[in-house]
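Here are two versions of the same chain, shown separately as C-alpha cells and labelled structure 1 and structure 2.
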Structure 1
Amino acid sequence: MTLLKEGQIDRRWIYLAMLCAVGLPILLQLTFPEIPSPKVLDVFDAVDKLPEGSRILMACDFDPASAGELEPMMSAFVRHCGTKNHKLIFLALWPQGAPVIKSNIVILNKEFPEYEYGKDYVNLGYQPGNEVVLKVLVTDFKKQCSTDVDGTSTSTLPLTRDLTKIQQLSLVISVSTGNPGTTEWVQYVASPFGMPMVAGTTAVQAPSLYAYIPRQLISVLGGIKGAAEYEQAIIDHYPTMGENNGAREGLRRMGPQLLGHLLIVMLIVVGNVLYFSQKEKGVGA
C-alpha cells in the first residue's frame, strides 16, 4: 500500500492515521493541559467564592444522548462543591436525570465520606411538570417538593427544613441539554428573582445562552471543552484533585478531539501542497 496514488494520498492511510489519532489517546489515557477561558473562570469563581457550606441547587436535565459532554461537567461541579463543603440539593426536570443524580451521589459517598444525607445533600429526584415546577419552587418549595426521592418529608431533613422558596439558596447550577433546562431556569427563576445561576450545556446549545450573560446568567460551560477547562481550573486551584483519575475525565475526552483536529488541519495543508505541486507540473487543474 503506497502513500501516494495517482498524485493523491491513498485514503486508507488517512483512515489509519485518524484511527491512531483518536484511538491512542483513549488507550493511553492521554491528557493535555487546558487554559480555562474567562467564561469558565467565571463559573469557577461563582462556586469557589461562595462562603463554605453554602446551599446550592443542582439541576440535572439531560439524557444518555448528551452524557458524553455533560456527565464530566456534572461530576466536576459535584467535586468542586464537595471541596468547598457546599450543601447540595439535587433535582431533575427530566426523568433521565434521576440516574445521573444517583451516580454523582456515589461520587460524594466515595470521595467525601464526611457528607451526610439530609444534612449535607438531599436528592429530590425527578420532578414532573416542566416549567410549572419552577413556578412553584419560587413561591412554595415544600408544595412542590414535600418529600425526597425516598419519600422522607423535606420538613424533617436539616438541609431543607427551613426552606420555603429556592431564592433562599446561594446558587443554582443547571446542567442541561434541551427543554426544560437552562433557558427555563433563567426565564422563571434567575431573571425574575435575581437568583445567581451558572450553567453547563452541550456545545450546540451554549451559544443560545450567551445573550443571558452576565445579567441573568453568570456564565456557562459549553460542551466537553468547557468541562475539560473547568476540571483544569479546579486542578490549578486544588492540586490534590489532579491525583484523582475521575476528576480528569473531561480532559481525557479532549485528547482524541485535539489529535483528530490537528490531523485534519495537517491533511488540509498536505492536500493543498499536493494539489498545487501537481498543477505546476501540468498534471491537472
Structure 2
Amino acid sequence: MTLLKEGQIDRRWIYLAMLCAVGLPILLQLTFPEIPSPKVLDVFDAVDKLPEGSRILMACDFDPASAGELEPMMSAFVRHCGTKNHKLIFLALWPQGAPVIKSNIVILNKEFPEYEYGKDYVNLGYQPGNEVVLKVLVTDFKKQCSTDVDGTSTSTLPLTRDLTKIQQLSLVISVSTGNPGTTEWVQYVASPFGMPMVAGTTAVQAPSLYAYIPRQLISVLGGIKGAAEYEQAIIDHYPTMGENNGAREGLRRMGPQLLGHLLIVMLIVVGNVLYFSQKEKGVGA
C-alpha cells in the first residue's frame, strides 16, 4: 500500500488518518475551551430568562444517525430547564424520537429527583402526521394529544389539564435534523402565532435556519459546536453543572471535530498542491 501513486494518495491512508483524527481525541479525552457565541447566548437567554417554572414544549425530531450531534444538545436543554425548574412537555414528530425522549427523561429523573411525572413533565411520545400534527396542536391540543405515552388522559395530568392550544406555553424548543422538524415548527407554530422558539439542529441544517433569525426564531444551536458552546454557557452560569461529566458531552466531542476538520483542511491543501504541481508538469491536468 504505497502512500502516493500518480499524484493520488491511496484512499486507505486517508481513511486511516481520519480514524486516528477522530479516535485519538476520544481515547485521550482531549477537550478544548469554548467561548459561547452571541447566537448561542441568545438561545441560553431564551431559556434562562423565562420565569422559573415556565411551561416549555420540547420537540425531539431526530434519529440515532444524528444523535452524535444532537443528543448532547437535547440533554443540555433538559439540564438547563431542570436547573430553572421549568415544566417540560416532550413530543416527537419522528417515531425514532420517542426513545430519545425516554433517555432524556432518565436524565431528568436521575439529576432532578424532585421532578414529578404529570406535574413537572409529561411525555406525549411520537405523534404521527407530520406538519398536520402542528396544525391541530395550535387549534385543539387535546384533539391531537388526548393521552400521554402511557395512555393517561392529558385532561387529568396537572401540567396539561388546562392546555387547550400550545400557544399557551412559554417556549418551544425544537431539536431536529430534517423534515418534519424545526422548519415546520417555525412555519406552522412560531411564525403564525408569534410563539417564542429556539432550536438545535445539525451543522448541515443550521445554515437554512439562519434565515428565520431573529423574528421567527430566536436563535439556533448549530451542530456539536453549538452544543459545546451551550454547555459552556450553562457551566459559566451554573458552575456546579461543570462537575457533571454528562453535562460536558458536547465539549468532549469537540476534540474529534477539531482534528477531523484540520485533517480535511490539510487534505484539501495537499490535494491542490499535487494538482497544481502535476498541472505544471502537464500530467493529467
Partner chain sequence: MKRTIPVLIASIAGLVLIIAHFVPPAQSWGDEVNTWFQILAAFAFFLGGGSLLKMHLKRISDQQEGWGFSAVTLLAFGITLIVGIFKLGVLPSETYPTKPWSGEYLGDGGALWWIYQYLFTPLNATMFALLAFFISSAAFRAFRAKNTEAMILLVTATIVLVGRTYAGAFLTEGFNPHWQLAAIIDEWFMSVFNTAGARAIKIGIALGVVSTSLKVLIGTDRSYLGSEE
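Between two forms, the rigid core is defined as the largest C-alpha subset superposing within 1.5 Å. Sequence positions of structure 1, starting at 1, serve as the residue numbers. From a predicted model like this one, the values you see are computed outputs, not experimental measurements.
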Just one question: which structure is the form predicted in complex with the partner chain?
-> 2
Expressed in °, what is the rotation of the smaller rigid part against the larger between the two structures?
-> 25
With the core held fixed, Leu274 moves its Cα between the two structures by a number of Å equal to 12.2
Relative to the superposed core, what is the Cα shift for Leu19 between the two structures, in Å?
-> 5.9
